[in-house]
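Heads up, the chain below is alone and in the form predicted on its own; it's given as structure tokens.
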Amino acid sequence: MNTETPASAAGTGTVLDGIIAGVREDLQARRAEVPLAELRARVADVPLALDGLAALRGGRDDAAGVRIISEVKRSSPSKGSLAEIPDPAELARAYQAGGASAVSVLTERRRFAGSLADLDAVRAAVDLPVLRKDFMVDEYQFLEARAHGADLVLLIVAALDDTRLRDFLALTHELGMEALVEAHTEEEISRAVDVGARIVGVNVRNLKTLDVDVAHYGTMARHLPDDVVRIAESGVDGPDVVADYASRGADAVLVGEALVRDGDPAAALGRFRAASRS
């Protein structure tokens, strides 16, 4: 499999382009420490992945409210430091207690202050599906994700051409995982659906400019087919936004900043889910 992503796929001179350049540098250092053959052997020894698709499906029609993917997120390119999170496992357990359907863990180091160690800690702490949230541009990262216990990975349509998007989705499924395929435009949604994505997210934060428009989910949601799991990503600053996403057909909502900055994330989760039922 050719895993090189051309600069044109990520956009020239964008924030996303710069992030991916750093991801590639860090990836080479990890590859030098753990060869691909060793990583494959580790994958063979981990338990089977949990069913992330089932965990996120059906939030629109469930009396319990929309599903929430709760995120372990220390920092972001747009906001800088969000929370120290000295114990990701403790935070993940609070998420599970509050009714999260899955936990997302940022593993990108330079802009999000994440790590695979955070992924390990969360995986050991909860029995929910865990999403490795990173900028996936190489086969090695998918094997890493599974070796560290991830059940889902993130595929960003804007960062991949159609061949790599299709190949990486196939590799994800071969490894027993599911992919949250993230789009921002109607054209990107179409590309995600065309390659067979089963979980499609609409990110209301444009990763090329970092601008946020929460109304963008409603504009894009009409282009999502009924047979995919629909995820609303970003922009949540309170229960009203979660309720709006749910009213526009989201099965699940990914929430990071609003939870890591809340002194009681379990209670915040309860408020978010309750708002989506009203």
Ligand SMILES: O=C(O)c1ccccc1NCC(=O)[C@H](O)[C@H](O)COP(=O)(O)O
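A residue's number is simply how far along the shown sequence it sits, counting from 1. Keep in mind that what you see is a predicted model, and the values were worked out from it rather than measured.
Separately, the form predicted in complex with this ligand exists; it is not shown, and the next lines address it.
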property	result
Close approach of residue 235 to this ligand in the predicted complex, 4.5 Å, heavy atom	yes
4.5 Å heavy atom contact, residue 176 and this ligand in the predicted complex	no
This ligand contact in the predicted complex: residue 254, any heavy atom under 4.5 Å	yes
Residue 115, heavy atom within 4.5 angstroms of this ligand in the predicted complex	no
Candidate stretches 39-47, 65-73, 217-225, 25-33, one within 4.5 Å of this ligand in the predicted complex by heavy atom	65-73
In the predicted complex, the residue from 203, 107, 96, 141 that sits within 4.5 Å of this ligand by heavy atoms	203
Residue among 207, 85, 160, 171 with a heavy atom within 4.5 Å of this ligand in the predicted complex	207
